[in-house]
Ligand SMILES: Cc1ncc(COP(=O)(O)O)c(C=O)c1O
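Here you get one chain, nothing else, as C-alpha cells; it is the form predicted on its own.
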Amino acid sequence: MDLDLFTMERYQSLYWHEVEYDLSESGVRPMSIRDLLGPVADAEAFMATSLGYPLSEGSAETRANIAQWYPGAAVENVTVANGGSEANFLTLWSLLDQGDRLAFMVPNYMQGKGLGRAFGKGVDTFSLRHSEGRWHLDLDQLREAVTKKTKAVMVCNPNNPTGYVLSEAEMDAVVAAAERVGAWIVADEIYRGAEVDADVASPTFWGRYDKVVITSGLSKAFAMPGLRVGWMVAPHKMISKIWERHDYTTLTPSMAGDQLCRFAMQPEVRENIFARTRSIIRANLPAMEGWIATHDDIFTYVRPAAGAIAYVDYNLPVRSGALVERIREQASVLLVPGEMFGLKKGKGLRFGFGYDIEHTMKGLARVDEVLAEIREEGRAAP
C-alpha cells in the first residue's frame, strides 16, 4: 500500500510537545474520569473492572447506548473502534476496491483523501466555498466529482477546519449525488454535539439514505480524546464487513474505554457532556473573535457553527505552510495551515480556542508580533 504523507498529523506530532503555545488542537479541555463519572456514579465498580478482552465490536450495552443517538439505529448497526481515525480507516478499507473512486469534500481532515488514494483508484474533490460572508457547498463541483466510478462520497459535518454545518438542502444534495450513481456516503460527524449557538446536536446523515456510514467517537464534542473510542453506524451487512477488517487491526476496543463509553453514551450523561463542551466554546469564543477583529485588514472570518475552531483566510504575501512554520519558529506557537486541509491555493489558518483562554490569548499576542513583522516587510518591499 502506497500512502500519502498525512502532513497535518505528522506536523502536530513533531511539534505539539515542543512549543510553548499549542493552538493547533481542535477540541475542548479534556474531561477527567472523575469529571465523567461525577459524584453519584459508582466509581468503585469501575475501578473493579477486569482488564480482559472486551467484545471486538464493543459490548451490547455500549452499542445500544450509541445507537440511541441515531434515530432508527439498533445495536446491530453499531461497531466500536479505537478512535474516530480507526473508524474512518476501517470504513474506507471496507468500501473501496482498487478500481473505485472516492469523492471527497475539501477543506477537510485529510485522512480520508490519503486512504482513498491508497485503497481505491483515486480521489475527486468538491469544495466548501467562502463567499458573501458564509461558507456554502459548491453544488456544481459535487455533481462533477460524483461519477459512475464513485464508490463513496465522504463529508465532514460539522466541518473541520471551518466549523460549518451543511444546510438541510446541502445534505439533500449530497444524498442525491450519491443515490444517482449508487455510491455510499461516509459522514465523519466527530464534531456533532459541539455546537456554538444551538443547544441541540447538528443533523445527522443517518436515516437519510440506505447506504450511509457514520463515523464518530469520544474525542471532539465529548472531550475524551485520550480514551481512543470511536464507532461506526451503518447497515448491518456493512457493519459485518467492517468488523471482519477490525480483526486485522486492533481487534477490540479497550475494556476501560468500552465501559466508560457505555456510561458516557447514556442520553442524560451525553447531554451533560455536550453542555460542558458548549459552555467552554461559548465562554472562549468572544475573546478569540475579539482578537480576530483586530486583524480585519488581513483576515476574513466566518463564525463557526460547531467546534472549538476558528478558521480565517488572510491577505499576506506568504503561503500558509510557510507562515505557520515562521510563527512556530519565532513565536513558539503551533497552528495548522489551510494547505493541510486540502486548500493548496488558499491562504488560511486554523486556531483552536477550546483550552485555557488566557493561555491562548498569550499565544495570540506572540502571533501578533510575527504578523506585524510581515506587514512591515511588505511595506518595505520595493
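Just so it is clear, the structure is predicted and the values come from calculations on it, not from any experiment. All residue numbers are counted from 1 along the displayed sequence.
Omitted here: the form predicted in complex with the named molecule. The next part is about that form.
- Across the proposed site, G84, C156 and S219 without exception bring a heavy atom within 4.5 Å of the named molecule in the predicted bound form.
- For S320, no non-hydrogen atom is located within 4.5 Å of the named molecule in the predicted bound form, even though that partner is not displayed.
- At a distance threshold of 4.5 angstroms between non-hydrogen atoms, Y164 is out of contact with the named molecule in the predicted bound form.
- Taking the partner from elsewhere, F89 is found to have every heavy atom lying beyond 4.5 Å of the named molecule in the predicted bound form.
- The named molecule in the predicted bound form comes within 4.5 Å of a heavy atom belonging to Y109.
- Of the stretches 251-259, 136-144, 182-190, 203-211, only 182-190 has residues with a heavy atom within 4.5 Å of the named molecule in the predicted bound form.
- For the options R228, K149, K241, R276, the residue carrying a heavy atom within 4.5 angstroms of the named molecule in the predicted bound form is R228.
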